[in-house]
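The chain below stands alone, shown as structure tokens; this is the form predicted on its own.
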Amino acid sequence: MTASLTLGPVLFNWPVDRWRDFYARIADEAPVDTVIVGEVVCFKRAPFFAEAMGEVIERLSAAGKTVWLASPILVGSERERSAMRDLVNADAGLVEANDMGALALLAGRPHAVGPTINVYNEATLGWMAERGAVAVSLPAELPAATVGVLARAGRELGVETEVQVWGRAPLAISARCYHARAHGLHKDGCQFVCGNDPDGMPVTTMDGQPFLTVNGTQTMSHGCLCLAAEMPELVAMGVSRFRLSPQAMDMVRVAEAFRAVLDGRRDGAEVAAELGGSIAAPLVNGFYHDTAGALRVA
């Protein structure tokens, strides 16, 4: 399997014009192979992007990108369930499932599995392959040894395995909105305050130490996951897809840098050092090296 770059969905609440312009630039300039689009964190945000979705998909497809549609991470109300059924039945492209409900609806049809679904062992991977999964994005917290086992199993099953190599790691999702609560608001009257933080809202400990990042109902890592230096090892393991998660920065530059590493034109450690100065968060890779995820292992 040829190694490729994936751009995951925008997880933050960006203004629709910024969102549309972001994907226009990705279409025209970013050397990524697959782009995943859709609102996955909060169903309340989805209507803002609905009108621009068709335009974005058409622009990306015309530029030669493979476009996948992302299902929501947490589905609760009947309205949300109905929207998810419409998504998986629309026959508008491959769907990346981000919760078990979407997996149930997609059974028997080719689909992808997102990193918010826990795939920790070969048995789970095999079960998903039997039900139609063609690509599985592994959770960010897996150590290298486990990634290697799953990559080998994926090759035997004909399933592409993917690892996130850039961006804040998704850690958890909740029915409650942390963003709204932090501003003294109720989830139903949140006033979309998450839009004030295009890269997420920093969370500190009682001692004032950086700890996590809040994105609406989602909890993310404080540090920016960067596995540029580990990519040659991942390729050798059999990992065939590498995910970049959008941040509020020049993602074309990020994509160009990771493409150069993937093509063997640049050293991953040099790329990590270069990109580290372009984001207001420390670079981390601890999970991969079987230690605390918030650490950076040289």
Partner chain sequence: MDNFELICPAGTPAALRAAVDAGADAVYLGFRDETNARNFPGLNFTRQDVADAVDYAHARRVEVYVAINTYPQAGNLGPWQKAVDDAARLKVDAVIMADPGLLAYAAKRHPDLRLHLSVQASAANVEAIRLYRDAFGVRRVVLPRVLTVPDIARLNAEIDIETEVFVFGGLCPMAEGRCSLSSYATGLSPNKQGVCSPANHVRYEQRGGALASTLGGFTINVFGEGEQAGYPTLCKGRFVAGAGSGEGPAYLFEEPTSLNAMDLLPELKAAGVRALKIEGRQRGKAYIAAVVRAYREALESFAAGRPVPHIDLQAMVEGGTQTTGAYTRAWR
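Residue numbers count along the first chain shown, from 1. Just so it is clear, the model here is predicted, and its values are computed rather than measured.
Keep in mind that the form predicted in complex with the partner chain is not shown, yet the notes after this line are about it.
- Remark: all three candidate residues (75, 127 and 181) come within 4.5 Å of the partner chain in the predicted bound form, counting heavy atoms only.
- Under a 4.5 angstroms non-hydrogen atom cutoff, the partner chain in the predicted bound form lacks residue 164 among its neighbouring residues.
- With a 4.5 Å cutoff on heavy atoms, residue 101 counts as touching the partner chain in the predicted bound form.
- For the chain shown alone, residue 84 is a contact residue for the partner chain in the predicted bound form, at least one non-hydrogen atom being within 4.5 angstroms.
- The partner chain in the predicted bound form is not approached by residue 192, whose heavy atoms all lie more than 4.5 angstroms from it.
- Residues 201, 202, 203, 204, 205, 206, 207, 209, 210, 211, 212, 214, 219 are the ones in 201-220 with at least one heavy atom within 4.5 Å of the partner chain in the predicted bound form, listed in sequence order.
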